[in-house]
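Only one chain is shown below, in structure tokens, and it's the form predicted on its own.
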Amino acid sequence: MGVQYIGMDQLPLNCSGRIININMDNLLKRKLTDMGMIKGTEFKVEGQAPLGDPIRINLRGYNLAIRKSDAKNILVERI
């Protein structure tokens, strides 16, 4: 059985993952890659807003809030 990839929005709190691919328009993809979200980057889901959106992840030593609608387009593997 191979590795299963999921959207970043599907990872539960306190779980870690690794970015596999970012599937979104070039402008937002560029902004995210400028903030360090590149293929192979490990991160941890640290929290979420009271209604579940946005989610807060920690990567490269800092926290980043990302909308669930954007997080679903970031393909990750759970680690």
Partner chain sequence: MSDRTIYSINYLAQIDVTYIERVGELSKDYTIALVGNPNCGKTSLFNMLTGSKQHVGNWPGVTVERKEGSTSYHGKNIKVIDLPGTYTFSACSEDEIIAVNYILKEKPDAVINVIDSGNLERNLYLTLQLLEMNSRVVIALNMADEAEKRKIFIDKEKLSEALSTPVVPTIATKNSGIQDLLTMSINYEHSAGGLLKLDYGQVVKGESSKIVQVLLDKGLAATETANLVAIKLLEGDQYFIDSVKLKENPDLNDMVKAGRQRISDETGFDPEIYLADKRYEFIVHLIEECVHKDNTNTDDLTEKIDKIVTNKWLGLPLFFAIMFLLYQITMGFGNDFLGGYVDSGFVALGEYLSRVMVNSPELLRSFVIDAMIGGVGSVLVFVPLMLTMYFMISFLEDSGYMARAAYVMDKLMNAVGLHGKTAVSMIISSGCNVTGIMSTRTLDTKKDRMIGILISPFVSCSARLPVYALFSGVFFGDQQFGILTVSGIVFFSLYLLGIIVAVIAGKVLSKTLFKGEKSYFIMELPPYRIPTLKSTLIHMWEKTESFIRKAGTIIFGLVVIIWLLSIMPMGVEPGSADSILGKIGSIMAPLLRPAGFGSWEAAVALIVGVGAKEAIVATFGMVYGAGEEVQLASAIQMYFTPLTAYAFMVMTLLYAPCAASLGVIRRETNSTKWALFALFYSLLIGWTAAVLVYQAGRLFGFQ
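Nothing here was measured: the structure is a model prediction, and the numbers come from that model. Numbering follows the first chain given and starts at 1.
There is another form of the same protein, the form predicted together with the partner chain; it is not shown, and what comes next is about it.
**Student:** I'd like to know if A65 sits close to the partner chain in the model of the complex, meaning any non-hydrogen atom pair within 4.5 angstroms.
**Tutor:** Within the cut-off, so yes.
**Student:** Does the 4.5 Å heavy atom contact test between D9 and the partner chain in the model of the complex come out positive?
**Tutor:** No, D9 is distant from the partner.
**Student:** I'd like to know whether I55 contacts the partner chain in the model of the complex, with contact meaning heavy atoms within 4.5 angstroms.
**Tutor:** Flag for I55 set to yes.
**Student:** Using a 4.5 angstroms cut-off on non-hydrogen atoms, would R60 count as touching the partner chain in the model of the complex?
**Tutor:** The answer is yes: R60 has a heavy atom within 4.5 Å of the partner chain.
**Student:** Can you name the residues of 12 to 34 that have a non-hydrogen atom within 4.5 angstroms of the partner chain in the model of the complex?
**Tutor:** Contacts from 12 to 34: D25, N26, L27, L28, K29, R30, K31, L32, T33, D34.
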